[in-house]
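Next up: a single chain in structure tokens, the form predicted on its own.
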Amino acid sequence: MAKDRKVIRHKGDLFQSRAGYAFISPAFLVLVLMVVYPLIYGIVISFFDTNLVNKFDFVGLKYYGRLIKDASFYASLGRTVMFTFFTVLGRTILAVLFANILVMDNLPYKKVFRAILVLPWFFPDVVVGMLWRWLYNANYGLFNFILRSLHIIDAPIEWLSNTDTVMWAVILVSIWKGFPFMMVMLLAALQTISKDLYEAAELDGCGVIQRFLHVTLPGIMPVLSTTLMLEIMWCFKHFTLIWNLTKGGPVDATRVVSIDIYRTGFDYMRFGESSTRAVFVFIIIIILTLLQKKMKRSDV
């Protein structure tokens, strides 16, 4: 009798385990088809001179050796670092500022302001690109209209056609589009800090800056460090918004590494070289991910 119960229990456990695998198999197949296979295929074709149809000439590490000596790739990498640094910096400043304002108890219409500030995050990059291209337009754009009305400028500024202004214009758009995510994360972190800590700091004679440095900043640091690393990774491989605004121009002034990869593959039809660049960026993202995990482990 006891033996029969064990057999029945074993069969039940076996059925449950098989049922579990059956339930996760669709998601697993999608993951393999949409992530794992393209990743492996991209790494493989970096060793080939190919048009992805009927030409697969093995070249080994030729493209990797060429990439190491490619000054244009390092230039696009430098532009990517610049774009990432100033975008993340701007998003962080705005996110910290607005999160601290929205956490105030005596702020009127708090929910309304919160909803308005989160709106840019919900707009698709294509819509944001079209909107800001109109704002930046030299002939009828809103920015030039305001500046000329205030007599700050005499002639319209070609925001997206001037190599001196275009990168800063793109960075401004990216900051506006992305800061709400960080703001929401920091707002959630701020709400976990006890009010007693602020009261104790105020009794000790701490000013606003001191309370921020010694109470607020340590309280939000675990969330802030993780969010910063995520923002860095996202900005480093950002493509859609920059492409919709400038397509990498003018004169490659906004040709960041993601656009360089795209143009090498689909404009010049050098898919092997394009994959080599993508593998290089993938390695950078992996390094950043490992740094994020190490930072998160140290916070714990």
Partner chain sequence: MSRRKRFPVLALIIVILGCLMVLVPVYWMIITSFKEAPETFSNPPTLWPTKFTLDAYKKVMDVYSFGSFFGNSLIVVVLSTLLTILVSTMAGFGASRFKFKGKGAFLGFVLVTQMFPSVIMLIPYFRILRLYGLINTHLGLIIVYISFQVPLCTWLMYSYFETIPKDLDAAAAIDGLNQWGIFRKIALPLSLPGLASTSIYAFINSWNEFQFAMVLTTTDDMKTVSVGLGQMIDDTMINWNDMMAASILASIPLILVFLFCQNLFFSGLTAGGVKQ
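The model shown is predicted, which means the values in this text are computed figures rather than measured ones. Note that the rigid core is defined as the largest set of C-alphas that superpose within 1.5 Å between two forms. Residue numbers count along the first chain shown, from 1.
Omitted here: the form predicted in complex with the partner chain. The next part is about that form.
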{"query": "Heavy atom within 4.5 Å of the partner chain in the predicted bound form - residue from Trp168, Phe85, Trp134, Tyr74", "finding": "Trp134"}
{"query": "Sole residue of Met104, Ala200, Ile209, Leu150 within 4.5 Å of the partner chain in the predicted bound form, by heavy atom", "finding": "Met104"}
{"query": "Contact at Leu67, Ala95 and Ser174 by the partner chain in the predicted bound form, all three, heavy atom at most 4.5 Å", "finding": "no"}
{"query": "Ile242 within 4.5 Å of the partner chain in the predicted bound form, heavy atoms", "finding": "no"}
{"query": "Non-hydrogen atom contact Leu89 with the partner chain in the predicted bound form at 4.5 angstroms", "finding": "no"}
{"query": "Partner contact for Thr80 in the predicted bound form: the partner chain, 4.5 angstroms, heavy atom", "finding": "no"}
{"query": "Interface membership of Ile232, the partner chain in the predicted bound form, 4.5 Å heavy atom rule", "finding": "no"}
{"query": "Residues in 122-139 with any heavy atom within 4.5 Å of the partner chain in the predicted bound form", "finding": "Phe122, Phe123, Pro124, Val126, Val127, Met130, Leu131, Trp132, Trp134, Leu135, Asn139"}
{"query": "Core superposition between this form and the one not shown, C-alpha change of Val35 at least 2 Å", "finding": "yes"}
{"query": "Per-residue C-alpha change between this form and the one not shown, Phe239, threshold 2 Å, rigid core fit", "finding": "no"}
{"query": "Core-superposed comparison between this form and the one not shown, Gly249 Cα displacement 2 Å or beyond", "finding": "no"}
